[in-house]
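First, one chain by itself: the form predicted alone, in C-alpha cells.
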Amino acid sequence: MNHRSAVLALLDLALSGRVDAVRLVEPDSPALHALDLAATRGDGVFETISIGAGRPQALRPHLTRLAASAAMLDLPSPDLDGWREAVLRVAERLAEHPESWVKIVLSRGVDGGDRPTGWAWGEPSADFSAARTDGIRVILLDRGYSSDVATTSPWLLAGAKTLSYAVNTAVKREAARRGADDAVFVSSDGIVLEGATANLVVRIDDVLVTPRTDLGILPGTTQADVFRWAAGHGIPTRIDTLTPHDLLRADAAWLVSSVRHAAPIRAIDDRAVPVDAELSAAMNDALAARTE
C-alpha cells in the first residue's frame, strides 16, 4: 500500500507503560505482530488528534482521555510525556499540510507477552469543507443500552475510547444505506447520546446544549473546546439530558469531532434542521486555531 504522505512512529514501551523510545519508521514497514491483542481482540485504546500546519490541537485533553480510557481497561498508565513526544514528531513531519491528523494507539500487547505496544499514525486530512458548510444528514439509531449503562454495567466500557469500533463502523454503513451521512445514538429508554464518532451539540432557546457524559458517552475534547469558545463570546451553554423531542425543537445542531470539527446537521431522520452558517464558520475557525 502506498502512503507517501503518511508518518508512522513506533513506541518502545516498558511493562509499566513507560516510553523508552520513539522511532519513526517507513509507513509501509511491518509494524504489528500477528498476535497483538489490538488486532485479534480490539483490546486497547486510542485517540485521534487533529493537526493544523504541524500544530497538534487539544493535545493535552486527548492525552488525559487516553489515560482515562486505559484505566477503564486496566491497561498500564500511559507515559503521557512519551506519547506527547510521539505526537509532536509525527506532527512535525506533516507540517506542510494545512490539516492532518494523528492516531495514537495503546494495545495490551502480544497475546501471552508481558508488555503493551503502542504506535502513532499520521496523514493529511480529507476535505471536510462541504460537511462544515453545507451540513450533514443524520439518522437516529437505538444504541440498545439504557442511559444508566455506565453505572449498572461498567464492564461494557461505555465512555471509554476503545479499539472495538466494529459497531461504530456498522452504524456508518447503516446511515449510508438510509441515505444519511452519520447517525446519533438514542438509549433504549429514549435519551439522546452521541454520534457514532462525534459529540452532539444543539441550540435550544439560544443556548448550546450537549448530553451529559454520565450517560455512558465519551467526553468530547472538541465539544469542550466549542463550549469554551462559546463562553468567551457570550453564548450560553448547558450540559443536560436531551430527548428526541428536544431535537425536534432545536433551531440548529452540530456533530463535533477532532478531525471533521463542527459539522452542522441539516436533517434528522428526513426532518430539516436550519443550518446557522455564520455560527458554524465561527466554530470551525476557533477549532482550527487551537493549540495544545
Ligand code: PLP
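Numbering starts at 1 and runs along the sequence shown. From a predicted model like this one, the values you see are computed outputs, not experimental measurements.
Absent from the display: the form predicted together with pyridoxal-5'-phosphate. The rest refers to it.
Interface residue remark: Ser258 is counted as part of the site for pyridoxal-5'-phosphate in the predicted bound form, having a heavy atom within 4.5 Å. The closest heavy atom approach of Thr210 to pyridoxal-5'-phosphate in the predicted bound form falls outside 4.5 Å.
Although the partner is absent here, Ser107 sits far enough away that none of its heavy atoms falls within 4.5 Å of pyridoxal-5'-phosphate in the predicted bound form. Contact between Lys103 and pyridoxal-5'-phosphate in the predicted bound form is not found at the 4.5 Å heavy atom cutoff. Note that among 263-271, 34-42, 235-243, 59-67, the stretch whose heavy atoms approach pyridoxal-5'-phosphate to within 4.5 Å in the predicted bound form is 59-67. Here is the short version: of Ala86, Leu215, Ile136, Leu218, the single residue with a heavy atom within 4.5 Å of pyridoxal-5'-phosphate in the predicted bound form is Leu218. A single residue from the set Arg115, Lys161, Arg93, His97 has any heavy atom within 4.5 angstroms of pyridoxal-5'-phosphate in the predicted bound form; that residue is Lys161.
Shown here without pyridoxal-5'-phosphate, the chain has Tyr165, Asn168, Glu194, Gly195, Ala196, Thr197, Ala198, Asn199 in 163-201 lying with a heavy atom within 4.5 Å of that partner in the predicted bound form.
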